[in-house]
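Included below are structure tokens for two forms of one protein chain, each presented in isolation as structure 1 and structure 2.
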Structure 1
Amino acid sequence: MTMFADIHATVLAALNEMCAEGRLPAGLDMRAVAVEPPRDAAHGDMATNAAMVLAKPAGMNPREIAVALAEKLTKDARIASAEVAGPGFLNLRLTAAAWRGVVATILAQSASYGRSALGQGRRINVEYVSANPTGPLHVGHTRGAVFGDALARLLDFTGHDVTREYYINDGGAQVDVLARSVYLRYLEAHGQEVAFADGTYPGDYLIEVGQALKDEVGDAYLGQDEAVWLSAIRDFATDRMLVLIREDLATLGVEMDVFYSEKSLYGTGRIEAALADLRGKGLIYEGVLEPPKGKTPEDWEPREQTLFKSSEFGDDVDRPVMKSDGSWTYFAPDIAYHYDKITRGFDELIDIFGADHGGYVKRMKAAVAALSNNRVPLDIKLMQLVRLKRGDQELKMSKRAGTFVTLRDVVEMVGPDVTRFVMLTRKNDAPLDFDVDKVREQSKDNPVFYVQYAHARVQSVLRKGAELGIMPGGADDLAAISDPAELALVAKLAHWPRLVESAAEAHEPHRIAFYLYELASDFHALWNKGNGEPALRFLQEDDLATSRGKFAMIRAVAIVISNGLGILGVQPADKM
């Protein structure tokens, strides 16, 4: 249990008592009753809106309810005061002893402080990265990789059973292009002059693949028709690319549980099975789509296609699953893939896509709703672009020239921890500027540094204390935590569990990063306050009991920072 959950339960209990005593009507819906930190700390430690949300259904004046509730709550030993404010807020102040209890809790729970059973072991599948297996990962993929991984860790931390999954697009035309490009490199390895036409991948990273192919098959494919080698080289090359991609992900500390092959859906009856499910629900038909309004393609002509009635599930129009030539559209294997996830028994699905896939969201949600009979929710997070910069200069990417900034370039420039943290300092749907110079600065301007520095400062004091034989204390020493600034810091620590839960529910790991920044800021402020008020210094050489108490407090700060960074996949620094 946590402080906010405890008090919330206390408030509900008090309200129920009031019902039993006839001071409130029975059977009130209390789900809207919340206990939150007030926006302005001057209002108190916690505030409840109970009186306001219950006033109308109870047919009573909100202040009347608030006064009665306040009377009950002040009997609680942890609550120092309860004041009615504004239209009916009830502002609560907790006793210093109650806050000190939070420190004891944090030290006792340590690495699991903030863990929650919110997910109740629900099985949740997070699909991310899923980049085409045609080359190394670039900056854009990096953001998706970091976000997906942090989200997975966050869900794990909140009691979900998480599967991290990568969908390999190895079934489409782009892997044929890959195979042809590798063939050219293979010819090159045999000393031939080759030209990279449009529609091939000219990147240097395929040189060694061509060489490896030569090492493996010798001259077997020289002068041969594409029909002879295409399929074999495709498999060879995609395997190589997947090794590359796994290595890229590993440099960031990202590890997948499942790599799921698109190709495995073809010729195995799995696409057919998924569509048969939809057909059985009357959601597949043959028909002709209207041309898109406003922007009709030049070569538009009406054609009959096999369509999915996605419009019955909130999509704008029905979507084709089969092209007019009888082959599948990309949507068909995607339906089959999500059908497979549903059949595997997941309770919830999350897809992380690039923002350019925005037009795909509604049909995918429609498909999952239809296939699972609305049982399995699908959340799709769209990742906005990353603008990579060095100072004022933007590092441009050009796919045609084969020059792009890779994930590995970024990690080599700034390290995995900085890459991860900075990528998480923005909401997923906001564009991100990533300045490779700025993120390496050791200053307040750099949020990674700022948070790491707070952790390192705690460790530094604790080390110094250890030299003097002072260790963080237990419950008996916590009276040393008494200044309002100290209690405010502890209150911030008490927010951690509810912050974690709200971030997990919203699927928004960036909230963790922002919280850590605020916590670090509060800590640095308290540290500096010790300059003017020696009583606030953590190390009090002439008063060991006080030192032990304050050490317990700052150790709690380090624990929360460490737990938070753990969710972001960042190593806390002990020294800087």
Structure 2
Amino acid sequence: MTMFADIHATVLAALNEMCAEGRLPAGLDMRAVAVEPPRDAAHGDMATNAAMVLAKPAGMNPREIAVALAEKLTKDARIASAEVAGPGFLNLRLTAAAWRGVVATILAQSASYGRSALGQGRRINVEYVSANPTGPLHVGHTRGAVFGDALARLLDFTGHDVTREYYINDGGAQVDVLARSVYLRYLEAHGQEVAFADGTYPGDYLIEVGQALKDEVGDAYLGQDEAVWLSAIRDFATDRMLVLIREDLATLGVEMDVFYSEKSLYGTGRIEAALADLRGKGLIYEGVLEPPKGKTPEDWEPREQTLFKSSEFGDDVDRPVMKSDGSWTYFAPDIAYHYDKITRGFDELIDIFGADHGGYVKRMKAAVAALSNNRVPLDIKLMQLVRLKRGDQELKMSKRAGTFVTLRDVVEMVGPDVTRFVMLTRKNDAPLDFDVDKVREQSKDNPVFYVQYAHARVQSVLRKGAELGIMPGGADDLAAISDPAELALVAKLAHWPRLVESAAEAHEPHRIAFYLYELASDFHALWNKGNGEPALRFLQEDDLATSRGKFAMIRAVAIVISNGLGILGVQPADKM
């Protein structure tokens, strides 16, 4: 149990007592009763809406309920006061002893503090990165990789059964372009001069692939028509690119459970099976779409096509799945892929797309709703663009890739921990400026440094204490935590389990980064306050009991920072 959960249980117990005493009607639905932080911290430590949500079904004045509930709650030793505010909100203040109990809980639970059974083992598929296998991952993919991995870790931390999945877009024309580009590098490896036409991939990363192809097939493809070598080189190049992509992801500490090939959907009956499911539900028909207003999308034809009734599930218009010439639209294999996810038994799907996929959200949600009979929710997170900067100069090109800055370039410049944390300092749907010089600064304005420095400061104090034979204390020593600034820091720690669950429910791992920065700020403020007030210093060499109590508090801070950084995939720093 956590502090908020404990107090929530106490409120429900008090309400049930009031029902038993006849002060409230029996059988009230208590599910809407909540205990949360007040909007204004000056109003108290926690607030409950119990009187407000029960007044109408109870047929009573909310303030009448609130006053009676306050009388019950103040009998609890942990609750210092319960004050009725406004029409019937109840603001609670906890005793110092109650907050000290949070420290004991954190030390006891350690790495498990904040973990929960929220997910109850629900199976969630998180699909992320899913870049075309045509080259190294770029800085935009980096943000999606970090977000997806952090979200998967967050969901795992809250009791979900998570599958991390990469969808290999190896079924489209871009893979043919890759094969032609590799063929040019193959010719180069044989000493021929080549020219890269517009639309091919000129990056240096294909030089090694061309040489590897030469080593494998010799001169077998020299002077041959494209029909001879295109399919074979496409497979060869795709395999090489996937090795490169896996290596790129590994530099960030990202590992996938599943790599799913789009090509495996073609010629295997999987696309046909998904559309047959929709056709059996009366959701596939032959028709002609009205010409759209404004810009004409690529999948519109003024001829009869095979259409999916996506408009019945919230989309703006119906969507074509087969063109008039009998070929599939790009939407058809995506329908089949998500149908496959559903048949694998996932309870929930999460797709992490680039910002350019905004127009794809409604149709994909419509397809999943139709295929799963509205059983499986699909959440699509769009990743806005990243602008990589060095001071005022924007970095746009990489020698290795030729046209963009790669994931590996970023990691080599600043390291995986900094890369991961910075990518989560903005919500996914907000653009992100990544200044590679700024993130190297050792200042409050650098959130990565600020959080890791807090952890390192704690470790430095604990190491010095250990040299003196002083270790974090137990329950008998926690009375040393008494200053309002110390209690405020502990209160921040008490918010951690609740914050974790809310971040998981919203699929927003950036909330973890925000919280850690706030916690680090509170810790550094207390450290600085100790510079002027010796009694607040964590190490009191002439008072071992006080030192043990304060050590317990800062050890709790380090545990929460470490747990939070673990969700983000960042290593806590012990020295800086």
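All figures in this text were calculated on a predicted structure; none of them were measured in a lab. We call the rigid core the largest set of C-alpha positions that still match within 1.5 Å between the two forms. FYI, numbering is relative to structure 1, first residue = 1.
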property: Of structures 1 and 2, the one that is the form predicted alone; result: 2
property: CA of D29, rigid core aligned, shift of 2 Å or more between structure 1 and structure 2; result: yes
property: C-alpha of G391 moved at least 2 Å between structure 1 and structure 2 on rigid core; result: no
property: A85 C-alpha moves between structure 1 and structure 2 by 2 Å or more, core aligned; result: yes
